[in-house]
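A single chain comes next, written as C-alpha cells; it is the form predicted on its own.
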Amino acid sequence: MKHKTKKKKIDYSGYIFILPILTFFSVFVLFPMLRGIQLSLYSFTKRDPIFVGFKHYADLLLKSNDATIHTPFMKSLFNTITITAIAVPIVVLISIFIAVTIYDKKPAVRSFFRGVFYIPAISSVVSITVVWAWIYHPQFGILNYVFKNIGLIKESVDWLGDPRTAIYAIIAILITTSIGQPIILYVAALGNVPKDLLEAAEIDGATPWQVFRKITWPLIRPTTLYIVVVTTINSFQIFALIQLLTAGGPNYATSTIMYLVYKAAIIDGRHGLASAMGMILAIIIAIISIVQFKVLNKGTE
C-alpha cells in the first residue's frame, strides 16, 4: 500500500514582521525603479509621451546618434568614475588610520575625535559648501593665502573655475565629509578584535604592522566591505556639492551623472532621457557593488 505523505504546513506568520519594510521597499524603491524603466522608453518633449524604445540609451552611449547628448554624458561618466576612484580609497585609508590612532587613547579623547570627524557628516550640505566656497575663493580664500605664504603658488588660483583643478577641489570636499561615519565604524570594529590574539602576537615578537596585516585587517574586513560599498554608492550619486559650487562647470569639468539627470529632468524637461541616465547609473553601481562583494568578501564567510 502506498503511504500518503503529509504536506508540511507553512507558517506565514513571519511575513507579518517584514510587511512594514517590504511595503516601504515596494512603494519607495521597487515601484520608482520600474516606473523609471518605463519612463526611459518614452519621450516627453511634447505634451503626449511618445514611445521611442531604446533611443535614449543609444543617444547616450553612441556618439553617432546624437553628439550633443553623448559627449556631455560621457564627460559626466568619466568625472563620476574619477571622483569615485580617487575618493573611495583615500576615505578608507584615512578612516582606518585615524581609527587605529585614536582607538588606544582614553575614552574621553577617543569620543572627542570621533565627534570632531563626524560633525561634517551630519552638517548641512549648504553650510559646508558655503564654508568651502570661501576657502576656495580666488581673491579672499584662505587656501590661496596659505599656499602663497608657504611658496606653493605665486598667483591666486581659481580652484573651482579652472577645469584643471575644479574636480579635485570637489573631491577634497567629498573626502572631508565622508570620513566621519567610517571612523566611527572602524573604531567599533576594532573593539571587536579579540585582545588575546593581539597579545599573543606581540608576545611572539610580531611587529605592529604584522599584527595589523595578519590579525586586525582580516577581522575588520566585513566593516571595510560595507564602507567601500556605501562610499562608492555615495560618490557615484554626488550632486549637491556640484549643484551648489560649480553647476557642472566649467565646460562639464565637474559635471556628474546625477547632476546631468537633474539638468535633463528639471531644467530641460526631458524626463525620458533623465530616466535612461538613471537606469545606466543604477546598472553601473550594481555591477561595481557585485564586484566589490566578490573581491572583499573572500575569506569572510
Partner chain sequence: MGKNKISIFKIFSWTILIGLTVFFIFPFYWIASGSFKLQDVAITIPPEWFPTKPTLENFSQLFTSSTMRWFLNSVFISLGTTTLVCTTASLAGYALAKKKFPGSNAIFVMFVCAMALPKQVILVPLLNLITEFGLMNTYVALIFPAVGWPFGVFLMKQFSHSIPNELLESARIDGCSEFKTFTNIALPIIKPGIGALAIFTFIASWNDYFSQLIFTNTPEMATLPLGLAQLAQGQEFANDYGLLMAGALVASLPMILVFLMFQNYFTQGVTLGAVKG
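A quick note: this is a predicted structure, and the numbers were derived from the prediction, not measured. Numbering follows the first chain given and starts at 1.
Absent from the display: the form predicted in complex with its partner chain. The rest refers to it.
Taking the partner from the other structure, its partner chain in the predicted bound form has a heavy atom within 4.5 Å of a heavy atom of Pro120.
Using a 4.5 Å cutoff between non-hydrogen atoms, Ala282 counts as a contact of its partner chain in the predicted bound form.
The closest non-hydrogen atom of Arg114 lies within 4.5 Å of its partner chain in the predicted bound form. For the chain shown alone, Tyr262 is a contact residue for its partner chain in the predicted bound form, at least one non-hydrogen atom being within 4.5 angstroms. For the candidate set Ala85, Ile153, Val125, Leu198, a heavy atom within 4.5 Å of its partner chain in the predicted bound form is found for exactly one residue, namely Val125. In sequence order, Ile98, Thr101, Ile102, Lys105, Val109, Ser111, Phe113, Arg114, Gly115 are the residues of 98-115 having a heavy atom within 4.5 Å of its partner chain in the predicted bound form; the partner itself is omitted from this view.
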